[in-house]
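Just the one chain here, laid out as structure tokens, in the form predicted on its own.
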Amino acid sequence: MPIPATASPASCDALVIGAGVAGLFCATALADAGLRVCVLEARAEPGGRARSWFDARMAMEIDIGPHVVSSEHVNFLRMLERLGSADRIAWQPDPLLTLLDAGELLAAASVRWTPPLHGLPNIPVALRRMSLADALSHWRLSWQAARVSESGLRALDTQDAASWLRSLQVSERAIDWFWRSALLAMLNVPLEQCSAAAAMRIFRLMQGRSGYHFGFPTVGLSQMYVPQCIAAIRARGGEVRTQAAVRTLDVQDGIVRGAHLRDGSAVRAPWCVVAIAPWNVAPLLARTREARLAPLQQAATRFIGAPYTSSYLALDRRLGEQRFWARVWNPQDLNTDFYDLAKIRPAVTGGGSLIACNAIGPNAHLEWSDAQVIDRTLVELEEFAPSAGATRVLAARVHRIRAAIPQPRPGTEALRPSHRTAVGGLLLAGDWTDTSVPCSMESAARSAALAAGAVLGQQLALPAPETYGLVGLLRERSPATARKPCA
């Protein structure tokens, strides 16, 4: 249901367009500093691309798609601490990940050894699927990743990841077994359509950081942050308005003055933060018709969202002890990652598993019927746990997201815009902006801190993750390497 307005301010200290992670986190940071903030959301529900709602068929809160949190999500976790909901994450320190490959479960360990020594425990796992020559074919890539600077990394943006890996003589077996799975799961894009810069960013951090692990929300995504942010904003006299679509920004003499809504009303503010997806930013700026914003509008059109098909299946029996697993890439597969919410959410009752899973990018098959998706998902569950063949589906829900998260296609890393714009008082926030972090809830949270910090004249954003240990020493000794400032 839409949020009823307790006030409809004609003016405020700061206007935030978009009520997803970036918009609500930014607005909360500004409200904490004493500003009166107005948040405008076009949809009937806040939460953006990280929202949840009660589904009567499933009799539970379901997410727009199951999400995973990482221990590296430092800005996101800091905000959850502020909101009092950091305890709503169930952490899995070990194993890092369980992979289903050819009917066998492979467990990847997470250890806190000095990088890159932390990779040693997983070599036996990799060698069960690759030869030693396949593993050693990464040596050129590993050397480049250890020494690459931020500018050097971005220079790779003109290449696709498949061509880049082959140019470094990474073996085809390693590309098919590791890289295709990793990039689809972590960057939501097929190898041939992925920026080499985005792939390098992921690999260098995997190689140069240790001890990272995953966590899973124990409640619906919205329940982790939406009501808490709204309460914080309203406590300072601000407002969050839903079904409040913005038609144009009000820009006069190169300075933002507020925004005009589609219902004919307007909100005036000396600061405006646009915190919506790039495919929504582009038409907004086109309607605004401000010459200073034309390059930003053109850049936003280049970002393409990854399609997702997310499914929820309530089963009459448990499928083992795993609460999270992924499938190694196969062109015939549907789903990439699986979660048993019966082992994650305390509110889930009954004796059976509650499976949530994601089909990503070209595997999403948006054209498939619900029955086709459910049938294929059951086949994949039986490959994970043979007992699934005898299970009964008590309830199921399939929903499709045409643009879940921006795909890092070649050229887009260089196009990711700063939180500052060419218009005075106008700022950007969102996972697609230049946060030095892959598009994710962490990128959205860091962008929120960057934008709020610009309004307040403070450094609020925590630094993006960087390599350390032996890998970090190589980077620091490279004369071409310079640390990028975090603000």
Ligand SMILES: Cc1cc2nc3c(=O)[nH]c(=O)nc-3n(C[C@H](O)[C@H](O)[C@H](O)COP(=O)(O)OP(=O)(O)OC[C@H]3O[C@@H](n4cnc5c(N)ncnc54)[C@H](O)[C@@H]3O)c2cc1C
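Values in this document were obtained by computation on a predicted structure and should not be read as measured data. Heads up: residue numbers just count along the shown sequence, starting at 1.
Not on display, but discussed next: the form predicted in complex with the ligand.
- Only one listed stretch (49-57, 30-38, 416-424, 458-466) carries heavy atoms within 4.5 Å of the ligand in the predicted bound form, and that stretch is 49-57.
- Using a 4.5 Å cutoff between non-hydrogen atoms, V273 does not count as a contact of the ligand in the predicted bound form.
- Using a 4.5 angstroms limit between non-hydrogen atoms, V246 touches the ligand in the predicted bound form.
- Shown alone here, G453 lies farther than 4.5 Å from the ligand in the predicted bound form, counting heavy atoms only.
- Not displayed here, the ligand is kept clear of I62 by more than 4.5 Å at the level of heavy atoms in the predicted bound form.
- Taking A162, A277, A326, L334 one by one, only a single residue has any non-hydrogen atom within 4.5 Å of the ligand in the predicted bound form, and it is A277.
- Counting a residue when any of its non-hydrogen atoms is within 4.5 Å of the ligand in the predicted bound form, the hits in 65-79 run G65, P66, H67, V68, H73.
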